[in-house]
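A single chain, nothing else alongside it, follows as structure tokens in the form predicted alone.
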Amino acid sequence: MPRRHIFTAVAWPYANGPRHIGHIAGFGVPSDVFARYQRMAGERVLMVSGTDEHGTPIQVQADSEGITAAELADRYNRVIVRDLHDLGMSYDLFTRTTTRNHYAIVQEMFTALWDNGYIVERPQRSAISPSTGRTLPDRYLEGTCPICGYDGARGDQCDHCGNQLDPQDLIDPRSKINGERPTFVESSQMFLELPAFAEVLGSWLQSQTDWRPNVVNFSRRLLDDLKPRAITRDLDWGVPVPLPGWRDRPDKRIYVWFDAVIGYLSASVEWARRTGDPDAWRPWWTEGADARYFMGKDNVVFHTIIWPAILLGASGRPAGTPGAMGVLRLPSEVVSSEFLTMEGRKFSSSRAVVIYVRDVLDRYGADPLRYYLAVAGPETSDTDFTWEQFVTRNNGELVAGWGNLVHRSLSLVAKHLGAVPAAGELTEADHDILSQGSRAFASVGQALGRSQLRAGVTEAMRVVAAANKYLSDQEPWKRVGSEPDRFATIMHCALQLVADCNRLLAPVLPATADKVAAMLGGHGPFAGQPRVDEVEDLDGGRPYPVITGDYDGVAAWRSEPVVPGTPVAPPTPLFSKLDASVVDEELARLASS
């Protein structure tokens, strides 16, 4: 069967500060588990993302620190790269939106839309800060939503009802920076003609019968009130507008929400160029590919309405001719997670209600965090992170469950045999437990392939529990001297279950999977780990770090027999048992921050 091309598009984190675990619950762990599973299943995966560096939060944060936006982006790009690498995110390329390659692709897409008549120049009232004279970014204006009456709507969107807004739509608008009321001045801007795509978007969304209901239902409702949306702003930080009379203006730039989503395409092109084959990206952007986009629910509108409209218009649909990038594939699915709260409160860096990724990695490691977010994350509903639950799952499921199975099995073999034993005659109990391990690849794989992480990991851990019960029931430690053949058979089955469960859990626990594979006598790559490379800009811009990796040769998604005679090393602990005091310590840190 031909290998499929699986495009894994991961939402772009803002480079205005370190990421907290609420961020990676949405775009991080779900996308990486999916990509890792697909690679193990033998598919051709291209997983890309990068830091979003033209966002208005970048400019505002830079102003508050007295540095340039470029300096701020450089700093936090490196922070985020380090965090995501250490989390085990297996990107083929994690780049940034300030590369010259990205600028060129954004301008190509803009030009294609302009040539097809989907971008139009219109006047717009822009919000100005009276105290600074500068344009106030949309997301730094808030007020009352004119549609639902929610007091706290932003200048670009109301998170309560989900409708798109413009700053002048807000009732009683005010600056989130200093609380002042903005003044409005008329300025000429470029608008994306979203209503031109309403019919084709409606037909496309209507055909998505297997998406998560929260995504498709929300998106269909937005079609009733599509309006042209400005894609330029009076800013000096962003991609220049590629039109005569606009290109060299220092006060006009393409706005962040338009340029950031094009990053999926520009990152694909950059990856291809770095392989030496500039067209290598194209198979992931044709109709035959499977394109999955991962994000939190606050980004749904950009991926189910705006990005598809950009792709359609640049491809010459519903009317026109394809631009320089050709006909481009729409998303196969937009996989949106709900919100993760923390101890009953919404994550907020500004209010110090936050758990940074780096802090968890340094204190507890990557795999326990990945596991928690896979089994208890906001997959289909808002979920609350609590330190008590984190400790409970770490100790009860990772330490006492999976870690215990590995340790007790390998300890007995290493101590008494030193290598994988051959199996003798199998009993009904042996056949049953081996069958449970081999059959789980189908059910767990089906769940992970549909981004149903909780179901997939729960089934894998059910096999772990069954294997632990098998060992307890068979009591091999009592048979070492009296029944050596039976002891060897039981331990052969136990090691086979360890090997199978290690593969089943590898997409979620990649660092642990490598350790277990090595203990079982394996050599070379197993789960596949990312690396950070320092690279030069392909077109002469500033150098920067990228996350990439060579993921060829990862373990296959199937049960493979353990080989008798393979040396088995004495095990080392996979996870650390956490004391109950961790809960109080972490809550105290939160209270004092």
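A residue's number is simply how far along the shown sequence it sits, counting from 1. On a predicted model such as this, the values are computed, not experimentally measured, just so you know. We call the rigid core the largest set of C-alpha positions that still match within 1.5 Å between the two forms.
Below, we refer to the form predicted together with the RNA, which is not included among the displayed structures.
Enquirer: Sort through 499 to 507, 80 to 88, 387 to 395, 316 to 324 and report the only stretch with a non-hydrogen atom within 4.5 Å of the RNA in the predicted complex.
Expert: Only one stretch passes the 4.5 Å heavy-atom test: 387 to 395.
Enquirer: Quick one: Phe218, Asp225 and Pro573 and the RNA in the predicted complex, is every residue within 4.5 Å by at least one heavy atom?
Expert: Checked in the predicted complex: all three residues contact the RNA.
Enquirer: Determine whether any heavy atom of Ser187 comes within 4.5 Å of a heavy atom of the RNA in the predicted complex, and answer yes or no.
Expert: Result no; Ser187 lies far from the RNA in the predicted complex.
Enquirer: Decide whether Pro137 counts as a contact residue for the RNA in the predicted complex under a heavy atom distance cut-off of 4.5 Å.
Expert: Because a heavy atom of Pro137 falls inside 4.5 Å of the RNA in the predicted complex, the answer is yes.
Enquirer: With a 4.5 Å heavy atom cut-off, would you call Pro57 a contact of the RNA in the predicted complex?
Expert: Close contact exists here: in the predicted complex, Pro57 approaches the RNA to within 4.5 Å, heavy atoms only.
Enquirer: Gln208 near the RNA in the predicted complex, any heavy atom under 4.5 Å?
Expert: Contact check for Gln208: no, nothing within 4.5 Å of the RNA in the predicted complex.
Enquirer: Under a 4.5 angstroms heavy atom criterion, identify the one residue in Thr383, Ser129, Ser451, Thr144 near the RNA in the predicted complex.
Expert: If I apply the 4.5 Å criterion carefully, the residue I get is Thr383.
Enquirer: Work out which of Asn468, Ser268, Asn101, Ser332 lies within 4.5 Å of the RNA in the predicted complex, going by heavy atoms.
Expert: None of the others qualify; the residue that does is Asn468.
Enquirer: For the stretch 245 to 268, I need every residue with any heavy atom inside 4.5 Å of the RNA in the predicted complex, listed N to C.
Expert: Heavy-atom contacts to the RNA in the predicted complex: Tyr255, Val256, Trp257.
Enquirer: Superposing on the rigid core, I want to see if Ala467 changes position between the shown form and the other one - specifically a Cα shift of 2 Å or more.
Expert: The answer is no, as the C-alpha of Ala467 shifts between the shown form and the other one by less than 2 Å after core alignment.
Enquirer: Once you line up the core, how about Asp138: does its CA shift reach 2 Å between the shown form and the other one?
Expert: The answer is yes; the displacement is at least 2 Å.
Enquirer: Would you mind telling me if Leu141 and Trp257 are closer or farther apart in the predicted complex than in the shown form, C-alpha to C-alpha, with a 3 Å or larger change?
Expert: So the answer is farther.
Enquirer: Since the Cα separation of Ile254 and Arg134 moves by 3 Å or more in the predicted complex, tell me which way: closer or farther than here.
Expert: Nearer in the predicted complex, by 3 Å or more.
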